[in-house]
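This document starts with one chain, in the form predicted alone, laid out as C-alpha cells.
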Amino acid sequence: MPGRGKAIACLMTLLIMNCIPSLLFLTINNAPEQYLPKTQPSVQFSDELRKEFPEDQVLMVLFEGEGLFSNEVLTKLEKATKSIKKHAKIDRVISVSAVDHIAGTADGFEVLPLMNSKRLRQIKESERAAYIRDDRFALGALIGRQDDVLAMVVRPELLDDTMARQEILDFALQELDKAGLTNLITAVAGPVPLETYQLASMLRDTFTFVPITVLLGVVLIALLFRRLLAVVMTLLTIGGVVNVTLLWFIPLGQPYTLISSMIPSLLAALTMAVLIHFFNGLRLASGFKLEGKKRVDWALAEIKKPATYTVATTAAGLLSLAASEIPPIRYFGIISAFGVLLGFAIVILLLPPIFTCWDKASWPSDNPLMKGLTRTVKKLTIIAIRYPVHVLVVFVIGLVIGIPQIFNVKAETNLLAFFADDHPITIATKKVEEKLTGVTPLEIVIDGEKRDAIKQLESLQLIKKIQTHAIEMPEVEKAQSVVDFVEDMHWGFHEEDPSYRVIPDQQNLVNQYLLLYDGNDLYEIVNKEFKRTRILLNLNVHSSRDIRKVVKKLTEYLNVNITHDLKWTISGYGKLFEDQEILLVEGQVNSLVGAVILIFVMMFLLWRKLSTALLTLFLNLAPVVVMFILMGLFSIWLDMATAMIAGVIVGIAVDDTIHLFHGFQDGIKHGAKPLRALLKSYYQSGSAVTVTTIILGFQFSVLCFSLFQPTVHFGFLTAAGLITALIFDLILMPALIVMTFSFNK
C-alpha cells in the first residue's frame, strides 16, 4: 500500500476505534456478590440459604416529624407500603402496617398486622407509640426507643445487579412521594442505597476525571512539543485504547465495577507515557535534521526495544493481579494489561505512517521547559556520580526511619468510609443507627439433623442462650430468633402476662403454639420443616476488621457451647464482607510476588546478567516499600482500591529504569566510556522519563480531588509511587551504577 494510503487507513482505524461508545455496551454492576468468587464456601452457603430465606440486603427509610402516629400519617404509610410492594423486584415491604403482631385473646392468641387501618380505630393516637414499641420485633427496627421515629424496610428479591437496586430505590422514593410522605423522610440507609451511592460515585469519577486527566496530558504535550498533529494523535490514541479495552468486559462476561472504573484513567496515563517517548524520539531526530520516514524510523529505533520491555513489564505487573481471588481485581489486571499492549501496538504500528505522511515541519528544539528539565536531570546525575556513598546512606537512613510505618498498614474495608462524613449516606446511616439499630446484617444459621429438630426445648434453650450472648456484645444492637416467636405466643396465650414471655417448659405447649401460628414472619426465620433456623443480628460496625472480630468471638462461643446434634454456620452480608479481607490480603501478596518474579525474568532476559537484573529489580521494589510507608503514615487501609497499587506501581515504575539503563548499556555497547555512556543516556532519556513521570503524576494527582475515597487513594498512592521511582532512578541508580560497575571517572 502506498505511504499515503497506509496513513489514511491507519487514521481511519483510529477514528473508528474512537466512535465506539464502549460504556453503552457494558453491564454496570457493583453489587457485593461481584467481589467474591462463586467457589468461595461462604458464597455457596449464602446461595443455598437464600433458597429458603429472604435477602438480608435491604433499604431502610426513616420518618420523623409531627403527627407520626396520627391517622393521616399511618394511613399514608399503609398506602405506600402496599404500592411499593407491587414492584416485581420487591419481595416485601415491612412497616407497622405490614408486620405480624402476636396478641393475646380470651382463648389463646392471634396473629394480626401490628398497626393497619383496622388497628387505628381500636387504639388511641396517644397510645399507639407505646403499643408499637411493646412489640419486640418492631422495637429498634420499625420504631425508635423514643417516640420520634418510624421506619420502613424495603426488601428486594435476590438481586445481583446494582442497576436493579437503583431502580428499587427510585421506585420506593417515588411511591413515598406520591403518598405524601417525602417531607417526613430524614434518612435512607442500608446496603441497597450504600451500593447505589457507590455506583453514582464511580460513574461520576469516570465521566469527570477521565476527560480531565486526558485534557491535562494533552495540554502538557502541546506545551512540551508544540505540534498539533501530536495533540490530535494523542486524543485519538487514548480514546481508541480506552474504548476498545473496555469492550473486553463483554466477551469475558464481567461487569463494570468500582475497580474497573479506574481502568480508563490508568490506560490514559500509560498510553500517554508511550506517546511521550515516541514524540521525544521525533523531537531528537528532528534535531539531527531528519525528516519524513527517516525521522520516524530513527525515533522508532530509539524507543522500540526499551518501549517493548517497558510495556511488557507494565503488562506483567498488571497481569500479576490475575492471582487475586477477587474477580474485579483479577479482571482489572487482565483487561488493563491488554489495554497497555494495545496502546503500544497503536503507537508502533498506526502512528508511524501517519507521522511519515503528514509530519513535515521541524520539531521545536528551543523549548525552555525541556531545556530546564535536561539541566536538572544532568545536575542530579552528576551529584549522584560524585557522591554515591552519600546518596546510598541517605537512602538507607530514609528507609530505616520509614519502614516501621509499614507495620501500621491495616487490611481493612469499610464501604461507609469510602464517603466523606458529610455525605448523605454517612449522615443517614448514623441517624438510623442512633434512632433505631445497626444496619450491618449477620446471621447465625443453626441446622438440626432431622425434621422438627429446632422445635425441641433443648434446641430452643440453646438458641436463646446464643441470642442472649450475642446481644450482650457491644457490636450487636439487635438479635432475633425463633425463640422470640415462641415466647410471644406463650405470652399471648397467657393474656399477655409478662412473666410468661419465656420459653415454655413443656414440649407439647411449644408444639401446640407452632401448630396454631397462622402468620408469615416466623417462616422467614425458620424453615417449615423446623430443621434450619437463623439468629438475625444487626451490627453497629461497618469495617471488615470489626466484623471479623465479631465473627471470631461468635465462633469461639459457638465452638464451646454447641455440642449436641445441632450444627452452626455464620453467614449473611457481614460474613461475606469479612471474607473479602482475607482474599484481599492473599491477593495482594500473590500479585506482588507474581509481579516481582515476572519482572525479574524480563530484566534478566533484557540485561542477560544476574547482578544487573537484581539491581534494576531492587530499584523498582523500593517505590513499593515507600508506598506502604505512606499507607502506614497516612492511615490508608489495604482495601479494594489500594489492593491493586503494588502491582500497578511495580509495573509502571520499571519503565523509567529500563529506558535509562538501556541507554547506558547501549552507549557502552557502542564503545563509549561508562561515565560518558551514563551521562549521554540521562541527557537523552532523562528529560523524557522526567516529563513522562510529571505528566503521569499530575494525571493521577488530579484523582485526589474526587469525593470518593477509593479514587483518592488510588490517585495519591500511584502518583507518589511514580514520583518516588523517578527520584530513585535519577539519583539512586547512577550512584549504584558507579558503585557496582567498573567505573573510570
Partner chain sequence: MKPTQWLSRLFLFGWFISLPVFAASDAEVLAKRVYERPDGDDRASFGYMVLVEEGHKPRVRGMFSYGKDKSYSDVWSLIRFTSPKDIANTGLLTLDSEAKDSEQWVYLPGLDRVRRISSSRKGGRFVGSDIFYEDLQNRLYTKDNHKVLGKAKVNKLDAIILESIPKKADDSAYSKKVSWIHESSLIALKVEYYQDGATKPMKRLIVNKINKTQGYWTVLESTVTDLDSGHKTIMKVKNVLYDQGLADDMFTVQVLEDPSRETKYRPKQLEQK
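Keep in mind it's a predicted model, so treat the numbers as computed, not measured. Numbering follows the first chain given and starts at 1.
Another form, the form predicted together with its partner chain, is not on view; read the next lines as being about it.
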property: Answer range among 466-474, 514-522, 377-385, 213-221 for contact with its partner chain, defined in the predicted complex as heavy atoms within 4.5 Å; result: 514-522
property: Partner-contacting position among 452, 666, 148, 167 - heavy atom within 4.5 Å of its partner chain in the predicted complex; result: 452
property: Listed residue (127, 421, 495, 556) with a non-hydrogen atom within 4.5 angstroms of its partner chain in the predicted complex; result: 495
property: In the predicted complex, residue 607 touching its partner chain (heavy atom, 4.5 Å); result: no
property: 4.5 angstroms heavy atom contact with its partner chain in the predicted complex for residue 107; result: yes
property: Close approach of residue 249 to its partner chain in the predicted complex, 4.5 Å, heavy atom; result: no
property: Partner proximity in the predicted complex: residue 100 to its partner chain, non-hydrogen atom cutoff 4.5 Å; result: yes
property: Members of 261-284 lying within 4.5 angstroms of its partner chain, judged by heavy atom, in the predicted complex; result: none
property: Cα separation of residue 454 and residue 108 in the predicted complex versus here, shift of 3 Å or more; result: farther
